[in-house]
Structure formats: C-alpha cells, structure tokens
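Only one chain is given next, in structure tokens, and it is the form predicted on its own.
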Amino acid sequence: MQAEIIAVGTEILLGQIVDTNSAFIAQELAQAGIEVYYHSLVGDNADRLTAVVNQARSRSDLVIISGGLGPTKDDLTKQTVAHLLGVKLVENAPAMAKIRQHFSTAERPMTPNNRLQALYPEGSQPLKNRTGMAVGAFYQDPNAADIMLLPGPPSEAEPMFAEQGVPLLKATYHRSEFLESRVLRFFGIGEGKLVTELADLIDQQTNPTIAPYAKVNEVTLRLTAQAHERATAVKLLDKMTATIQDRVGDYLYGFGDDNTLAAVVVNELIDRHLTITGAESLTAGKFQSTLGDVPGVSAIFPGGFVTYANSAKHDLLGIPQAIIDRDGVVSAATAQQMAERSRAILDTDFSLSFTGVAGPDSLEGHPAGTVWLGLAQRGHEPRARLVHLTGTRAAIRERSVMTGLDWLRRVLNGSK
C-alpha cells in the first residue's frame, strides 16, 4: 500500500506559513502501516494542481490532499478534483446546517461563497469537520488511486484525519501491519563518520530501515520497523538499537524527534537532585538560556554569571587579576577559575564555564574558534578542555554550548 501526500496553498510556496499537515498525516499513516513515498506542494492553481494529482494517481494507491477547501476564490481543490474525476459537487446537508448556524449565532449574513465549504465530490464519503466548516471527502476509484480531501488549517485537518480518516483507511484497506519509528540522536560524530561505522547495517537494511539525517551540530538516525503487531516492531527496533549502541553508543545522547541535549542533561540532573550553574564569557549567557528552555530547570539551576569583560571576571567571580594577566582569558586557568568560583559562590554540584574567541577577530593571539571549557564538580579539582571550532560567530557559540553539555553528560554517565 503506497500513499502520496499533496499540500495545496500558495502561502506555503511563498514561505508565509509552514506545512505541518504533511508531517502529521505521514506519521499517522505510518502507524496504520501505510507507506508514504512522495510529498508534493503546489500553489492555488487549477492546472498545476491537476498535473500534480494526475502524476500522484499514476504512481500511488492513495492520494491525500490538504488545503484549498475554503470559500475564497483561491480555494480550488474540491472543484479541481471533481472535474478531474468527472463528477459534480454535491451538498452535505449536516455541513450546510452547521454553516448556517454559525452565521446565525454570529448575527452575520452568510454570503453565497460560504456554501462551497459544504460541497464535496459526488460519490465520495463526506468527512465531518468537528473544528471547522469545510467538509472533507474520501473518493474510492476502482480504476486509479483513491483520493482523500482534508482542510488546510491544522486545527481542522489533524482531528479530521486522526478521528475519521485513519479509521476509514484501515477499514477500507484492512491494514494489519504497523510501522514503528525511533529516532536516535548523536553529538560529537559527523554524519560521514557515523555512516562509515554503520555502513554494513545501512547497506544490508531490510527491516528495520536506517535513515541518517545531518542536523545543526548533531546527527540523527531514524529506525523504522514493520510488523503485524506493534510489540514485534518494537522488538526489532530494540535489537537494532542495541547493535548501533555497541558501535557508536558513546556519541548517542538520547531518543526522539523533540529531545535535545540540554533536556537530557537537565533531566538527568533533576533525577539525581544535582544542581548546576554557569560562568560565561564567550557565550554571553547562551548556555544559561539553553538550560532555561527546559521545563523544570528551576529545581536545579539557581542562576549563573555572564562575565564578558575581564573586570567582571575579577569583580563578580573573584578571579585574581594575576591569573588573567599571566595566562590570559583564553586559557585553561581562566576556564577552571570561572567554573570553580561560580560553583562555590552558588554552592552547586556542577558548573560549566565558557571562554574563548567567537570571532571574527583573533584575541590574545588565538584565532577565532579557540574555545576553553571549564568543568567544576563538588569534591573534585576543576578541569578544562580545549576545542577548536569552525563556522560563523553564532555557530561557534552554539557549538560551544553543546560541547559543554555533552561533556557534562559524559561525566554524569561516568564515561569521561
């Protein structure tokens, strides 16, 4: 069973809004055991929409179209699809009654174009719009791909598809297979290196499949398993995950589409009732801001320091001027002092410090990208680590924060 998703809307093509419907529909289809091979995006133009739908129907079993069901002149989806199918548009009485009731309650006159929202291609099964007014539709064609029409607003498309579309597809196609996915997130290893380490698994993949994706400052792997029972698919994912962990588990920091390195570290600290602070020069508060993005961080993060100027390092943290004069701010000694003194002042279990050269100019003879990280831990001598980063000023600062978080993650795990 092969499906294709088409998003309709010139505003999406222009980048004015983001198409989230396609991602949601694809995820729901995967859970129903229906694979998606193509996503398409087309503007509000009848000729181009006809061409895209014809192409989709020539190569897929099911075409799901979101958008273009509204009452305005550029909402052409249902008219275009009805013309392509050679059927007329008919009115759905419950939808029409809802539209009339809406305007009556609002004490506003209903214009004729609002009737369009109650129309759907003849021969289709109408899909009720619980959160809006435009009716959806499912048209089964014995000679070509079936077509499902969904409204464009996610607040309407998502409940319609989840509550009516998916059950209807399962019943129609008698789907008994499940597609289960898992995302593995890595930091400190490039996509090329990761793919090299897993080359045989990727080359021989069948079930589960393995798909690598390079993202900003990290790499992810999406594993997808197919089985008649969800439990069996999960077991397949568990087995492949264990194999990958044996090879590159040192770089694996978490799972899930929405997980972050900061969330992993903060939640680990929360679970262990360990506190943290930070002292930042190079990153100018970015580390502490990143911590603040994680819900619940206030339980383990009392506050921290941004000591951009040398005087701030001396006045706020009490770093002896002699150390700054002797070693410079871009040094192991300064990074260690920043970490340990901030930790001691706020009496936390850990502190991370960041000092170095974000660029574009050099500092103290060090080129842009020279970064010293400091890590202080209660009961231990403070440590420092030198890294050399590349990219823009913003990229260097972002990468510095993630490198510090990963260092702390490893310490918490006992690996380094």
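Keep in mind the model is a prediction, meaning the values are calculated, not measured. Start at 1 and count along the sequence shown; that's the residue number. Think of the rigid core as the biggest set of C-alphas that the two forms share within 1.5 Å after superposition.
What comes next is about the form predicted in complex with another copy of the chain, which is not displayed.
Original post:
Which of these residues, 167, 320, 94, 295, gets a heavy atom within 4.5 Å of another copy of the chain in the predicted complex?
Top reply: Residue within 4.5 Å of the partner: 295.
**OP:** Tell me, out of 52, 62, 375, 357, which residue has a non-hydrogen atom within 4.5 angstroms of another copy of the chain in the predicted complex.
**Re:** Comparing distances to another copy of the chain in the predicted complex, the residue within 4.5 Å is 52.
Subject >> Check all three, 193, 212 and 345, heavy atom within 4.5 Å of another copy of the chain in the predicted complex >> reply: Yes.
Original post:
Is there a heavy atom of residue 48 no more than 4.5 Å from a heavy atom of another copy of the chain in the predicted complex?
Top reply: Judged by the heavy-atom cut-off of 4.5 Å, residue 48 is in contact with another copy of the chain in the predicted complex.
Original post:
Is the gap between residue 286 and another copy of the chain in the predicted complex 4.5 Å or less for some heavy atom pair?
Top reply: Residue 286: contacts another copy of the chain in the predicted complex.
Original post:
Even though another copy of the chain is not shown here, does residue 384 get within 4.5 Å of it in the predicted complex, heavy atoms only?
Top reply: Looking in the predicted complex, residue contacts with another copy of the chain do not include residue 384, since no heavy atom lies within 4.5 Å.
Original post:
Does residue 247 make contact with another copy of the chain in the predicted complex, using a 4.5 Å heavy atom cut-off?
Top reply: Flag for residue 247 set to no.
**OP:** Would you mind picking out the stretch of 227-235, 84-92, 287-295, 118-126 that comes within 4.5 angstroms of another copy of the chain in the predicted complex, counting non-hydrogen atoms?
**Re:** One stretch meets the cut-off, namely 287-295.
Original post:
Across 20-37, which residues bring a heavy atom to within 4.5 Å of another copy of the chain in the predicted complex?
Top reply: Going through 20-37 in order - heavy atoms within 4.5 Å of another copy of the chain in the predicted complex - the hits are 20, 23, 26, 27, 36, 37.
Original post:
Has the Cα of residue 12 moved 2 Å or more between this form and the one not shown, judged after a core fit?
Top reply: Residue 12: C-alpha displaced by 2 Å or more between this form and the one not shown.
Original post:
If we fit on the core, is the Cα of residue 47 displaced 2 Å or more between this form and the one not shown?
Top reply: True for residue 47: a C-alpha shift of 2 Å or more.
Original post:
Would you say residue 390 moves its Cα by 2 Å or more between this form and the one not shown, aligning on the core?
Top reply: Where the cores coincide, residue 390 shows only a C-alpha shift between this form and the one not shown that is less than 2 Å.
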